[in-house]
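Single chain ahead, by itself, as structure tokens, in the form predicted on its own.
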């Protein structure tokens, strides 16, 4: 039987994350968006909660807790409610840690996982999206071919978060017709990080174009070794994470515009009492809740080690449309105030618009 009530432990985690999102993220999100930088103490505070190290076994210096997609969805939603850029920055190391944890060889796990369990933030990232209009995760232009004891990785990627500072980079490339992952360490020969991208949203999160020019990767650094990785499951975990974050961003816009509509008076009454506004808010609330339930269903199947491709794909497509509709509704409800930076709804709309292109930028 499916339960819609979080466990006592999950509720404790949600409360903890909500406090960080409120006390840390919400206090500096506008400053971070304007300056393009997230204060270091915010990242450190979030890292100390151990979102990633909790699910890593004790033998690799982790806390040995259970890794749950449902719990991960709850965390991702609350962090994104605080601020999407900071949420993605906080969880970015998981793009490397979780695939290695689930699919890496024992040698890869022993070598790399302990680094994600230290007191200091471990910058690591993944490169999946390619700078072409028909970029397809399952038919990548970036390629990998075996040459002696090394793989030769060539190609271009974009929207790679934290690439300039990352100590580890998990790049996905086509190998004999299938997508596989390859672990690169900072300073690898042939790895070139371009200038920081100028994006419409996610302004506080640095993303980069990355070029791989005949980059040599040791054969031992092929994710999963000879068996390779289950890229379909990685994508499903990413789709669920992004859907949960979309719910967080949309919920933030809904709550803000709802409260504004209750306080903003026109013609002697709050605008929330006007049927057009009330119906818009109701539709926004329905869409947020519907997407959350679809996200939980896909996460539930992931936790049961079932094929969640259908559920994850459907919720990701639904969430991409939902977050744009809800955040745009927030701008409309605020009227002229929705278009100025004094209110955060314009920021949420800019961030929400990008979810359709964020494939592989988050994972649970």
Partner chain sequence: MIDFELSPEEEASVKMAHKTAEELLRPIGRYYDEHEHESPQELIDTMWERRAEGSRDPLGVVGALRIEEMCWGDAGLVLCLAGPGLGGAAVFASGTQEQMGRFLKRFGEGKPVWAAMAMTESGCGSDTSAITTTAVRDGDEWVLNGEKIFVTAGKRAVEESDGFVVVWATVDKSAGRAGMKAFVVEAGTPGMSVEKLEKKLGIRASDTATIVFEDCRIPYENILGSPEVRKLDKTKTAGFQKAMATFDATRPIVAAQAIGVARAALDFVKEALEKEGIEIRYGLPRQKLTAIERDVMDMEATYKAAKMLTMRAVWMMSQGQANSLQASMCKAKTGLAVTKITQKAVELMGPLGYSGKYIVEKCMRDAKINDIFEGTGQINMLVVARRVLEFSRDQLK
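Residue numbers count along the first chain shown, from 1. The model shown is predicted, which means the values in this text are computed figures rather than measured ones.
Missing here is the form predicted together with the partner chain; even so, the following discussion is about that form.
Heavy atoms within 4.5 Å of the partner chain in the predicted bound form map, among the stretches 53-61, 22-30, 40-48, 294-302, onto 294-302 alone. Proximity to the partner chain in the predicted bound form, taken as a non-hydrogen atom within 4.5 angstroms, holds for one residue of 137, 190, 194, 225, which is 137. Between the options 117, 164, 158, 285, the residue in contact with the partner chain in the predicted bound form by a heavy atom within 4.5 angstroms is 285. Each of 275, 290 and 320 places at least one heavy atom within 4.5 Å of the partner chain in the predicted bound form. Looking at residue 133, you'd find a heavy atom of it within 4.5 angstroms of the partner chain in the predicted bound form.
The partner chain is not drawn, but in the predicted bound form it has no heavy atom within 4.5 Å of residue 145.
Looking at residue 310, you'd find a heavy atom of it within 4.5 angstroms of the partner chain in the predicted bound form.
By the criterion of a heavy atom within 4.5 Å, residue 262 is counted among the residues contacting the partner chain in the predicted bound form. Contact residues in stretch 248-262 (any heavy atom within 4.5 Å of the partner chain, taken in the predicted bound form) are 254, 258, 262.
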